[in-house]
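Quick setup: one chain, the form predicted alone, written in structure tokens, and binding and motion questions come after.
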Amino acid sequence: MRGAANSLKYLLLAAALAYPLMPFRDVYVLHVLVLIMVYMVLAMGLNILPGFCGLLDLGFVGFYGIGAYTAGLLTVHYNMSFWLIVPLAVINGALFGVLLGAPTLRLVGDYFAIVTFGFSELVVLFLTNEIWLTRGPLGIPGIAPIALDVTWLATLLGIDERWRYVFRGEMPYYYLAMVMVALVYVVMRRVEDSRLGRAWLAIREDPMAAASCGVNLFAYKVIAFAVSTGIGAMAGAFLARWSQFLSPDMFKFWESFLVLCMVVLGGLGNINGALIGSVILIALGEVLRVVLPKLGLPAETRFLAYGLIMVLIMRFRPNGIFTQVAESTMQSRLIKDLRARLDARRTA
């Protein structure tokens, strides 16, 4: 069974790598696939807080916007390379995460969720009103596309030419997005089975028991917040150079709600589920965007479908639809044993 599953994974990976090179490829499909991969990164980043630590974050889109505007402003004003902007955006997003998390992570439950929601609204208001920096509702147009400059390689080879490749069309962004998803996925899988990931899991299952075992709740929560917000900022930096335009309307609360739906749909704490949830909801959104106007309904009505999905999941499948996938992500024997013991205590 596992061999068949691995074969299917490799087959899907091969198809994903080959599709942009096929003669029947479609530009719109490539655009949607890139968008799906951006939301995959966002879902994996957000999954750290409610999935691993049990913290409900309703303001994740704020850090998404911080990373995007960091990349956009550095590109427009200083013409910085994308490869230098990405780490700066990640650091900036993580820094704002620590600044928000340090005074608020001692809150629990709904209080923490309200604070994060307020932060995201504050970010949108700042982006809208501080025209001197962000151009407000006019947005930031004319952001340069990503470029790969390997002139240094030509110099090493003794060639007096400038080797510079500028990304044009959806294909190069598609492959770069695949690299970004793969990088975040590998990091998350490594963190999941590390001491850090086990500490987060312990905090989610029973904070008092984790504290009694020597886990510093506040420190590990701050680390989780920094890692999560840094990943969200990285996705924002990619979005800025891909779309080449930014507007405050791109970072409203609905984006946080959409990413949270993806995490809940796939199963909290489930890395593979977050990926599948991203594919389902973005694909569903594109279908509804086409179907709803034909039915005489505005395209924004699709958010009602997202809300209905959340209600149904929380009512009938509170652990997510893909529970078997969630179980397969927990590869560590120690984590499996811990979860078995906790389930035994709950049923006793």
Partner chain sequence: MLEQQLVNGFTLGLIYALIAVGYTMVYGVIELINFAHGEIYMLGAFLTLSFISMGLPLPLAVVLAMLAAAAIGVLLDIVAYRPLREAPRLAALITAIGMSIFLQNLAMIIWGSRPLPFPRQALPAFFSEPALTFSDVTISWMQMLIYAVAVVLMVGLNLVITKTRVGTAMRALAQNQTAAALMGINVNRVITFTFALGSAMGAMAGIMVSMYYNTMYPTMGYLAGVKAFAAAVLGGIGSVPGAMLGGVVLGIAETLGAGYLSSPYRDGVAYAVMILVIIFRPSGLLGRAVTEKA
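Note that this is a predicted model, so its numbers are computed, not measured. Numbering follows the first chain given and starts at 1.
Although not depicted, the form predicted together with its partner chain is the subject of the following passage.
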query	finding
Exercise: V27 in contact with its partner chain in the predicted bound form, heavy atom 4.5 Å	no
Heavy atom of F119 within 4.5 Å of its partner chain in the predicted bound form	yes
Contact of G285 with its partner chain in the predicted bound form (heavy atom, 4.5 Å)	no
Heavy atom of L297 within 4.5 Å of its partner chain in the predicted bound form	yes
Location of its partner chain contact in the predicted bound form, chosen stretch of 273 to 281, 251 to 259, 70 to 78, 156 to 164 [non-hydrogen atom, 4.5 Å]	251 to 259
In the predicted bound form, the one of G169, P137, P141, P103 near its partner chain [non-hydrogen atom within 4.5 angstroms]	P103
Interface residues of 291 to 311 toward its partner chain, as seen in the predicted bound form [heavy atoms, 4.5 Å]	L297, P298, E300, T301, F303, L304, G307, L308, M310, V311
